[in-house]
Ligand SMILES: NC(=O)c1ccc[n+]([C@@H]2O[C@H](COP(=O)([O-])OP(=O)(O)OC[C@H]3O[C@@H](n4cnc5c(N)ncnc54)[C@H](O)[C@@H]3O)[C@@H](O)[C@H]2O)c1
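Only one chain is included here, represented as structure tokens and corresponding to the form predicted alone.
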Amino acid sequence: MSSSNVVRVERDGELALVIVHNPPVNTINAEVRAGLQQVLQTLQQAQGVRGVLLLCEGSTFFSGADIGEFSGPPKEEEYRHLFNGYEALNVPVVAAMHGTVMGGGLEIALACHYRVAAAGTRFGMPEVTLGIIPGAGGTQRMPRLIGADQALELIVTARPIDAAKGRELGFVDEIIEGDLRAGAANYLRSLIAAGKGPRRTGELTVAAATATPEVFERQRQQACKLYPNRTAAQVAVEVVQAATQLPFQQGLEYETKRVNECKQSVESKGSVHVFFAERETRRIPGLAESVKARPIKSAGVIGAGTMGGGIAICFANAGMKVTLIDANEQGLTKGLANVDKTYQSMVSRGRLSEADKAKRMALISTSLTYDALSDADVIIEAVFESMDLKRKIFAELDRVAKPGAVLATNTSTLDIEQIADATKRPQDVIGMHFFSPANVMPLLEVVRTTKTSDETIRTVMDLAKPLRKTPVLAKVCYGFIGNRMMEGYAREAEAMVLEGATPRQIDSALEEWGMAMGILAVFDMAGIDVGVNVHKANASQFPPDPAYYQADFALHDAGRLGQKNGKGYYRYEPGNRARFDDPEAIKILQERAQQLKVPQRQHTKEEILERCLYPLLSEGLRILGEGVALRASDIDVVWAAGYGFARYRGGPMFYAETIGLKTLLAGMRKYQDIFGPMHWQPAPLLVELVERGLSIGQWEAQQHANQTGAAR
């Protein structure tokens, strides 16, 4: 029987096995679709075939559609005809699934007549998180199989489920223990023996009890709550509702129409942009393919506080031995207790077994001496922000660490060049800036000095993968990418509370716009003392503005540290992270404003957003122009992965282009006229792009062409 490079057919007696092998994750790309189409034509004419089994080799059944095709011509019609073709076959077709079956991978299975899965298989329809809806039959077939309510629960929440839940819902017919191919073939033979022919999903109807007006209204409300400012999940509700009102083929055509509308939305383009930007961060221009990473099998972490403990958890989760160092036994005991508590909360939520917890805890050892790090492949310093202390630690690491060990600092603001100069091996020194909580937040800022070797860079960028981090490479400057951009964003939030806005007014405007958490609530969570200490230690970096970050200083002077002592910009109850407005905090801020003679003003939601976001966007363009970041999309990843910037807005640089660079420049100049030039100088690159009429992408292409030309 015919086959292509990625799809082949094998005969097993009266069965035809359609086998797909498109590593690494069997994406349904153009080549796979062409192969499946070719095989379909063969099956339609095949003699003696009484059943068809669809399965994939490798780690997973089809993981999904090819997201790389999103920006090109629509492919939905091609998917529709292909899947309909398999559904129309006159012999039973069984999908044998394993691994992670997502989106289009699940949709092709729904077009088969029966579905079996290996134990532990995971299923999901994550499309709404990319600003679209299932577009290959999922909105029409799934409700016919499991009811509209449960189908929408899958689609709207985008939460994955396991094979046992899939069977309970009714789209998985049987769970196969042992060898999947043999078990699925036996299942198909038993269908044939029982005289069971095709069972086409498209010929079913949606159970009326699952598709009441109340069901759709409840799901609409859930869509609004889960995805503020976004429409894809609400569109999904409408399209699933259509499955109850339209004939099947018309429902599929309506789905196609609506998914292609979704693809044109800013929410989809922004989400897809961040998806690809995260993949791109590991590509380092100028780093030769011949440069290989050093093997990393063990780690050391200095500082057993919240950050150090979180970093240790990352290594233990990756199956690597890690030694935690602290200055005293009390610090180690407390740090290890916090690690244990983190793992225990995972166990209690069913995310980790007791056995796995024990295994991971066993990988973490402790010591009070640096000599315990003599065999570590990578050592990460995670103590508080003091240049003197960090230089002392690195001088000590220079003494004990083996040759070739990566020596990393977790500093968020300090000059890593100076830290590296405390060693005789600056080529091995690099920044590894984790974000709190380190075991949860996906971002890792990797900061190269002028002396960091290519091999060290490659090692750390590759290490990010087992640590389950998204690495972004930056050059040394105050605050690197993320915290440097944070300065203006937070500065204006603090300025506005001194001008009379309430903390809730500021944070609500930012959260309604799409920030995961308002900036003043972030300061309360991180600890107001942390920001105050950073600003004291780096006073020389800031403009001569007597009101600069004085909201933080006023609260700190009054003993308000944020969540850690129950009072900061807000008030907190013990064991409760809910924020309560606090007249005392507002009084303290008003008194400081009077001392500083800060003029009071009214703040609209529009002004709050512009004053917080415009400096953030402008500073990103300044960073790009200076070459601190490799590319604009890296800046977007930093803020989407580390600072709670709405993914559906595409990150700061994508958002700057969404609102228009001319609008951004005009906004910077508007506030410059109101508040003076000290804080409102637009980035030179912003001015240049507007004057030359270039987009960020066009400018980057020109830079790349110039560099390539110079290299020749």
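Sequential numbering from 1, following the sequence displayed. As the structure is a computational prediction, the values presented were derived from the model and not from experiment.
This next part talks about the form predicted together with the named molecule, which is not shown.
Engineer: Ok, I302, V235, A495, V156: which has a heavy atom sitting within 4.5 Å of the named molecule in the predicted bound form?
Structural biologist: Selected residue: I302.
Engineer: I need to confirm a contact call. Of N317, S436, S453, T342, which residue comes within 4.5 Å of the named molecule in the predicted bound form, counting heavy atoms only?
Structural biologist: Checked against the cut-off, the match is S436.
Engineer: Is there a heavy atom of A119 lying 4.5 Å or less from a heavy atom of the named molecule in the predicted bound form?
Structural biologist: Although the named molecule is absent here, A119 would stay clear of it in the predicted bound form, with no heavy atoms inside 4.5 Å.
Engineer: Are any of the heavy atoms in E267 no more than 4.5 Å from a heavy atom of the named molecule in the predicted bound form?
Structural biologist: So E267 does not count as contacting the named molecule.
Engineer: Hey, in the predicted bound form, does N410 get a heavy atom within 4.5 angstroms of the named molecule?
Structural biologist: Close contact exists here: in the predicted bound form, N410 approaches the named molecule to within 4.5 Å, heavy atoms only.
Engineer: Is Y370 a contact residue for the named molecule in the predicted bound form, using a 4.5 Å heavy atom cut-off?
Structural biologist: Y370 belongs to the contact set for the named molecule.
Engineer: In the predicted bound form, which of 545-553, 276-284, 426-434, 595-603 comes within 4.5 Å of the named molecule (heavy atoms)?
Structural biologist: Heavy-atom contact with the partner occurs in 426-434.
Engineer: Between 383-397 and the named molecule in the predicted bound form, list the residues on our side with a heavy atom within 4.5 Å.
Structural biologist: Stretch hits, in order: V383, F384, E385, L389, K390, I393.
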